[in-house]
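Single chain ahead, by itself, as structure tokens, in the form predicted alone.
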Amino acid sequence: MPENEEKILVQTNVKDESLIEIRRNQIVSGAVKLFREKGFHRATTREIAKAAGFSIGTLYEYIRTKEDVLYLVSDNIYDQVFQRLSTISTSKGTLEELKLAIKQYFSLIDSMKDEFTIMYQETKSLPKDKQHYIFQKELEMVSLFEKIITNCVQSGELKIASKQEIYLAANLLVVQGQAWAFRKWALQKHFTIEEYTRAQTKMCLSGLLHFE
């Protein structure tokens, strides 16, 4: 995971790191379902504990506030994106590497569409320091695609004149992937995630290959 922004630690009374990870994954999983059903503001910490499968007392051993839970949901998204994209070799700067990165990213969004939707709807509910962290993670996600596109430019696979244009192209790729989470209710009437990925990849690469 990129080291540009130091992770904000959520306070816990537990010392066992492996147990913290297990319990927080349970909290995130339960909270996502609850937030989708009731909304972040209407859900209570007691309901979050129940959805996670343990008592309110146990919940407070791993978090301090409901906002901590929302932060964990958001941070987990970026950890998953960075882990998924870090497995792709981009050293050759080929279009095939870019296509694979798009496929991996879109696939992850499909598997975490509820998490993405909740994060973008409710980030404003986080304290300012956690908002800043989430925004920075978003920029780092864009930078992953910037790097891949830059490698394609350097190898001659793409011809994009400026860093500004590369930055814009990377942002557009990130946004088009996220659109699947926000607009799946409409898009799934016409596309599977595989069809949507192929169509978006074709459109994005067509634009990049004819960029002037």
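Residue indices: 1-based, along the sequence shown. The model shown is predicted, which means the values in this text are computed figures rather than measured ones. Just so we're on the same page, rigid core means the largest C-alpha set that superposes within 1.5 Å between forms.
From this point on, the text means the form predicted together with the DNA, which you will not see here.
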Check: Any chance 72, 82 and 132 all have a heavy atom within 4.5 Å of the DNA in the predicted bound form?
Finding: no
Note to self: Can you work out which of 193, 10, 19, 204 has a heavy atom no more than 4.5 Å from the DNA in the predicted bound form?
What the structure shows: 19
Checklist line | Contact residue in the predicted bound form, chosen from 171, 58, 155, 29 - any heavy atom within 4.5 Å of the DNA | finding: 58
Margin query: How about residue 46 - does it come within 4.5 Å of the DNA in the predicted bound form, if we only consider non-hydrogen atoms?
Written below: yes
Notebook entry, point to check: Are any of the heavy atoms in residue 15 no more than 4.5 Å from a heavy atom of the DNA in the predicted bound form?
Noted result: yes
Next item on the list: Using a 4.5 Å heavy atom cut-off, state whether residue 65 contacts the DNA in the predicted bound form.
Entry: yes
Notebook entry, point to check: Hey, in the predicted bound form, does residue 54 get a heavy atom within 4.5 angstroms of the DNA?
Noted result: yes
Notebook entry, point to check: Just one of 146 to 154, 36 to 44, 163 to 171, 179 to 187 has heavy atoms within 4.5 Å of the DNA in the predicted bound form; which?
Noted result: 36 to 44
Next item on the list: Answer yes if the CA of residue 15 moves 2 Å or more between the shown form and the other one after aligning the rigid core, and no otherwise.
Entry: yes
